[in-house]
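Before any questions on how it binds or moves, here is one chain, the form predicted on its own, in structure tokens.
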């Protein structure tokens, strides 16, 4: 008889911070019956970020884990690299499997470097994965294969439910009914994607306009949804002029990235983290570019953004 995970063996241990919990007693390479799947989905909804240690998964098994939480989808960046002539397996952002992204600081010869075609060893500022597509992913799964020894790459997550809940009343009123245009021309490190030109006007930004506050489809809670912080015109509030947009975004980003809202993880080999892109943001510290760091990511299939500004949704 094949081994399976048992719900009685599960432990969910909250971090004690504004979000995140470690899940023990499970091997995600094994089959998870329905009661285990339900318990995992509840733990995710309750804690926003889940950490599983000592996981050994193939890409196919990682995608099977994504299926527990709703399925999987391709990264929006993949098409840009394919249009630029890259073939599967030639770069981090065009992995052999279309729904896997390789997050590493290795060049084409397998050597650690500062800069790659993707994000390399760069620091990554606070952001939400793939907010620049019409239907962003519900979550992300990131599994570590190689990590540097005391070489950076720590990842922090923050709670955007609390960011909205603690927003001053005047700022809540100021953002009501407003949307942010999300830039689809840059990668997470802020560098332009292959084949695109630097934008000069708002009209050059073709990404979607998402509401500043979205409603989580599972919990029904409201969360700030800021996406990524780029200089004008890449990120702007659609309903405001440039000066007012810049002023409002500055206030929102300052509030949403307070230390009291975050939890930070120092990676070990075999760590798998699942986070909810609908109600969290994350950032990464700089990596020692002389040491390799390799991780595989799968995106949890998303659903259309539910705006807090629509009366039916808000009800």
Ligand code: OGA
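Keep in mind the model is a prediction, meaning the values are calculated, not measured. Residue numbers count along the first chain shown, from 1.
Heads up, the form predicted together with the named molecule isn't pictured, but that's what we're talking about next.
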{"item": "In the predicted bound form, the residue from 75, 162, 103, 185 that sits within 4.5 Å of the named molecule by heavy atoms", "value": "103"}
{"item": "Option touching the named molecule, based on a heavy atom within 4.5 Å in the predicted bound form, out of 116, 245, 155, 222", "value": "155"}
{"item": "The named molecule in the predicted bound form: contacted by all of 267, 275 and 297, heavy atom 4.5 Å", "value": "yes"}
{"item": "Non-hydrogen atom contact residue 284 with the named molecule in the predicted bound form at 4.5 angstroms", "value": "yes"}
{"item": "Non-hydrogen atom contact residue 133 with the named molecule in the predicted bound form at 4.5 angstroms", "value": "no"}
{"item": "Residue 124: touches the named molecule in the predicted bound form, heavy atom cutoff 4.5 angstroms", "value": "yes"}
{"item": "Any non-hydrogen atom of residue 138 within 4.5 angstroms of the named molecule in the predicted bound form", "value": "no"}
{"item": "Proximity to the named molecule in the predicted bound form (heavy atom, within 4.5 Å), stretch among 5 to 13, 21 to 29, 302 to 310, 289 to 297", "value": "289 to 297"}
